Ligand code: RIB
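In the block that follows, a single chain appears as structure tokens, in the form predicted on its own.
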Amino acid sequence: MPEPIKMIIDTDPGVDDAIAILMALAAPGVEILGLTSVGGNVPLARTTRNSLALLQAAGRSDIPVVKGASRPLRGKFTYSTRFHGPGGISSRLPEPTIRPVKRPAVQFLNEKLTSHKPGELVLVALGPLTNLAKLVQEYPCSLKRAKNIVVMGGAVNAPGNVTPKSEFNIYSDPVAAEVLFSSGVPLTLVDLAACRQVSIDRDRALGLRAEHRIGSLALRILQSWFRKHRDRERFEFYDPLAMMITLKPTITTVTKINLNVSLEKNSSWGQTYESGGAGEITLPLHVDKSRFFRLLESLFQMEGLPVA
């Protein structure tokens, strides 16, 4: 029997964040200790509301949600409402009746990490890295107690998705990314080159069916994203891939790299690039696409996923 995964999700829901969170809720042997929200895809008030609404809709109001950073370490968040819509999630969820925990996300993260054995908790970061960078700054030894930190972000060996060189999460707070990447903590970076290997086209997505409660919710969010805009032809599973790698690391081959983040105020802002030689950051390379979709199908009990 594999060991249970104890997990904290740092997130800015977000369509793909929402699907990734639902994956974790549906996965056997996963204990989610909390969600920490951060501004990013939409403002902090909305990412917090979306986190609460998702958990309530999935029947998991017992999981705490803690508000994090509303601004990056430098400047302001630019948001991604064009992709996610003004509400962040394409399918409107009922207004949550549960409320966030009344303490800072950094304090919550430190308390959870220090109250568990070293190497017991996994952190999954699906948005800008502001909360985790603040944790490094305020409690320098805390993150080193994590078993691993899985980050969706960066465009190491691929074009960006917000500029030709930069990926959205890192671009939103590259200063925070640099703090985290240079901290020496265990880290897996799931970048755009990996994420673009797993996607679904419009016809396939709209033809999916699911009976599982959580799977049906994930499917409604995915299909609504396509239906909002008729010109949308393909959905890439960015955050869901990061979550799947957390659950099943063997679906990818990996390499070890050193990584830098550009803080130059020009077209390179937020660019992630290798600085030479083997390093301590794990970078997924080839993704077993068929296995990804088989596992996704088993979690959500969906019919029609491109498993072959």
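Each residue number is its position in the shown sequence, starting from 1. Every value quoted in this text rests on a predicted model; they were computed, and no experiment measured them.
Beyond the structure shown, there is the form predicted in complex with the ligand, which is absent from this document and is the topic of what follows.
Visitor: Examine N50 and determine whether its closest non-hydrogen atom to the ligand in the model of the complex is within 4.5 angstroms.
Guide: Contact with the ligand, no.
Visitor: Would Y238 sit within 4.5 Å of the ligand in the model of the complex, counting heavy atoms only?
Guide: Yes.
Visitor: Do F168 and the ligand share at least one heavy atom pair within 4.5 Å in the model of the complex?
Guide: Flag for F168 set to yes.
Visitor: Within 4.5 Å, heavy atoms only: does M152 come near the ligand in the model of the complex?
Guide: Because a heavy atom of M152 falls inside 4.5 Å of the ligand in the model of the complex, the answer is yes.
Visitor: Pick from N148, S183, N161, Q223: which residue has any heavy atom within 4.5 angstroms of the ligand in the model of the complex?
Guide: Checked against the cut-off, the match is N161.
Visitor: Taking the partner as it appears in the model of the complex, which of 91 to 99, 215 to 223, 168 to 176, 71 to 79 has residues with heavy atoms within 4.5 Å of the ligand?
Guide: Contact-bearing stretch, as computed: 168 to 176.
Visitor: Just to make sure I understand: among 192 to 219, which residues lie within 4.5 Å of the ligand in the model of the complex, judging by heavy atoms?
Guide: The one in contact is L192.
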